[in-house]
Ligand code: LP5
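The chain below stands alone and is given as structure tokens, in the form predicted alone.
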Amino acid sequence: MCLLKTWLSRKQPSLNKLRLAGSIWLASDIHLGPQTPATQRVFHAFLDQACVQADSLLLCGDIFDAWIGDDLALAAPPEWLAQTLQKLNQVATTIPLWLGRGNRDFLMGAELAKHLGAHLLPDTCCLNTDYGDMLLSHGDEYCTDDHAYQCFRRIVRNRTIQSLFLSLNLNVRRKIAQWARNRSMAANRGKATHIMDVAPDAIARAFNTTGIHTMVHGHTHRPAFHSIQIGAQTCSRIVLPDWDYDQAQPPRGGWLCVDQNGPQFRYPLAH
């Protein structure tokens, strides 16, 4: 009991804060790549819609299925990537655009954001909206029961490791990224479903230490509104949809719209 009181009484961590007014759109886990032409078409239509209807757009990680360095985008991007970067630039010249980094595209950096005219989202931040405060992240940091993944995450998020990787030529980086992806897919096939979801104690800890009562994240591909009782406080956890219009049956995608009336899921009109 004493240990619990000590933990709860610790000073709350300093959070990056982002204030955005009006209609805020949030999307995650689009997983764009050369193998997702249908998803890319729907996503581009979504970006056009955001330019007209949203006051700001936040993409909360795993926009791309893989990202091996900003230099690929700045030098000679393949056609599919060049088209998406052009679309993102069009958004950024119309409304504020924020790019979050996920477990697939954590190497997106300041050079890409500058090139697009966008901003980089902190890994975790307090999003202050007309509806209220929201704790925003990609979400993979809450999957703490997946010990192997968390070990991998600590390694690849190390700045020294990242610098070493980015110093390699693009072909070597592509091969390493593909090897890591294949290994991850093989490992996930043997994991229990709940292991790859967020851990309840990690979620409770985030609510307790930040004092924020609404959380938004992606990563798990399990879109839903969850109501959670943390002590005497009822908290909300909102999981963003993932996108797949190439292989999933039925196709899926969507985003969260947050304004003064609260958060609501919305879905693409184009399929």
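From 1 onward, residues are counted along the sequence shown. Here the structure is a predicted model, which means the values were calculated and not measured.
One more form of this protein should be noted, the form predicted in complex with the named molecule, which is absent from this view; the next part is about it.
- With the partner omitted here, the residue from V156, C126, A82, L170 that has a non-hydrogen atom within 4.5 angstroms of the named molecule in the model of the complex is V156.
- Only one of A113, L121, I95, L107 comes within 4.5 Å of the named molecule in the model of the complex through a heavy atom, and that residue is L107.
- By the 4.5 Å heavy atom rule, the three marked residues L20, V52 and Y131 all fail to count as contacting the named molecule in the model of the complex.
- Stretch-level contact check against the named molecule in the model of the complex with heavy atoms at 4.5 Å: of 38 to 46, 228 to 236, 204 to 212, 61 to 69, the positive one is 61 to 69.
- In the model of the complex, no heavy atom of V91 sits within 4.5 Å of the named molecule.
- The named molecule is not shown here, and in the model of the complex it never comes within 4.5 Å of any heavy atom of L99.
- The named molecule in the model of the complex comes within 4.5 Å of a heavy atom belonging to C143.
- For I176, a non-hydrogen atom is located within 4.5 Å of the named molecule in the model of the complex, even though that partner is not displayed.
- Taking the named molecule as it sits in the model of the complex, the stretch 203 to 236 comes within 4.5 angstroms of it through a non-hydrogen atom at just one residue, H219.
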